[in-house]
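Here we start with a single chain on its own, the form predicted alone, put down as structure tokens.
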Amino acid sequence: MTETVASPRTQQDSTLEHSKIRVSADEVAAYDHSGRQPVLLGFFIAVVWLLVGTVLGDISSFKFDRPDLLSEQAYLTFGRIRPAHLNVMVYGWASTAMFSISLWLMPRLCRTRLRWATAATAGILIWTLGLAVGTVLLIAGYSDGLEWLELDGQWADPLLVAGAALVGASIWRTLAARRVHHLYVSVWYVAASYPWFLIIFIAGNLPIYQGVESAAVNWFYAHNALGLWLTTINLGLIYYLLPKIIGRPIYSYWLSLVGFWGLALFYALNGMHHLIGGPLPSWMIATSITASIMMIIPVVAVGINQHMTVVGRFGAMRYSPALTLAVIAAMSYTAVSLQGILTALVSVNRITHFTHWTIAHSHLGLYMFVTLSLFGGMYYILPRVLKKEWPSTRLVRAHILLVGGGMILYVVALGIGGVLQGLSLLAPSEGFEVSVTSTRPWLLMRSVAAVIISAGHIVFAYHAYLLAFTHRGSLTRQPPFFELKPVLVKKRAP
């Protein structure tokens, strides 16, 4: 029994046939088994953080509708719950799941067993300890006061650095032991993510900046944490899932490299457009705006590459939840990136800055792109690691409908509310209270959307529990529910 894996390179010359690598199912199973412990550990911890972050996010949202809700105790105030929600979702749910994604992808793409799996396991545990300590301290009132960098710099940050370094060491050691010559684009994205994260995280936490410098470095980190950490691993995952599930090679290997190097070149300079109007040098703001506009090159390259890979096979989404979520995540990446380029323009930024539009924009990226991509990865990976099929197709559909529909409502509500809020703030004849009043119905819709999304998270966590801890899923070497079924096309009579 063999598994056919498309070669990373697509020949653009029609006279050349696309080559394939045939790997036995036993070899693939050995690759998966080599990282089984850290992969399952990371996914389990990620789901726990997902539920914790969901509760914190719901409380934060409800406080916009009822400001006095749970305000008797300092640790339940918005100023502590909201940053705790952000850190738990970014470093707990997303980052820990990304560790597992990386540790599962790299052995398959490098055609070798995972190296230093014990170090990877230790890294995930150390990372989790650091985040737990940092979250408790954050709720207790100890914060570094920088967005995305609120976790305590003395007790939490060193543990996060050590944890990410150990997981990254396992990734790079596996890469060094690879049995393939050419590197598929997913390897580029995954491998680069770890040194990039360590560089920006350490730079962002150095206690040597004050005032304007601190603000600049803060947004250097916050923006790059999205672009050079959360984005890169999830793009690598999508580049793996799309061709793997539909059985077709990626449309263009060279376009994928344009997307990778364009991201590496331009994204690192983007963060200063969040400080338009602030007391920063004009050249710094202008450079950031220019780099934001230049991001259209890698964004369009990735968008075209992923769309042309799937075009003609969208019907396969009826059979594969992993493909469905990967396609939605890929479309969301294109949408949020183009939206970010638009928002960097001064004429648009003056309306949207300091409004709920920014929250809608961040959730389009962090949820519709990152989280849905991770859900798709878990739907694809967990059955192959556990050798069991997901027990219920109804729960899969319910989860996708709840989180997808809820997040669309969330983004639309805050997007519209944010624009109205910005226009009201710019109107000289209107007081500040008018801008607050104009957002109330949209914030209520946000809370409704949060409840819908929370229901989806509960469904997913329950379904993952059934898969992992019960025998309701049938034991299979490759779960048939997630194997692509042929899309029947009726041929026309000649």
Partner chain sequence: MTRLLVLIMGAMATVIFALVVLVILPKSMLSQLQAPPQLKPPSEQELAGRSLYISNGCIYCHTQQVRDPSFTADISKGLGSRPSVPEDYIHDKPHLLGTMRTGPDLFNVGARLPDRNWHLLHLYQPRALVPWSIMPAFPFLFRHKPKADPGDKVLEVPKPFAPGNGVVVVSEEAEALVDYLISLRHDYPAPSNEDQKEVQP
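Numbering follows the first chain given and starts at 1. The structure presented is a predicted model; accordingly, all values stated were derived computationally and were not measured.
There is also a form predicted in complex with its partner chain; it is not shown, and the following applies to it.
Can you say which of 335 to 343, 372 to 380, 75 to 83, 231 to 239 gets within 4.5 Å of its partner chain in the predicted bound form, counting heavy atoms only?
Among the listed stretches, the partner-contacting one is 75 to 83.
Its partner chain: the contacting residue among 390, 367, 253, 116 in the predicted bound form [heavy atom, 4.5 Å]
It is 253 that has a heavy atom within 4.5 Å of the partner.
Exactly one of 169, 276, 296, 122 has a non-hydrogen atom within 4.5 Å of its partner chain in the predicted bound form; which residue is it?
The option sitting close enough to the partner is 276.
Indicate whether the candidate residues 112, 465 and 470 are all in contact with its partner chain in the predicted bound form, with contact defined as any heavy atom within 4.5 Å.
Contact check failed for every one of 112, 465 and 470.
Could you confirm whether residue 33 comes within 4.5 Å of its partner chain in the predicted bound form, counting heavy atoms only?
Residue 33: no, not in contact with its partner chain in the predicted bound form.
Residue 425 near its partner chain in the predicted bound form, any heavy atom under 4.5 Å?
Flag for residue 425 set to yes.
Does residue 405 make contact with its partner chain in the predicted bound form, using a 4.5 Å heavy atom cut-off?
Residue 405: no contact with its partner chain in the predicted bound form.
Residue 64, heavy atom within 4.5 angstroms of its partner chain in the predicted bound form
Residue 64: yes, in contact with its partner chain in the predicted bound form.
Contacts with its partner chain in the predicted bound form, stretch 146 to 167 (heavy atom within 4.5 Å):
Heavy-atom contacts to its partner chain in the predicted bound form: 146, 147, 150.
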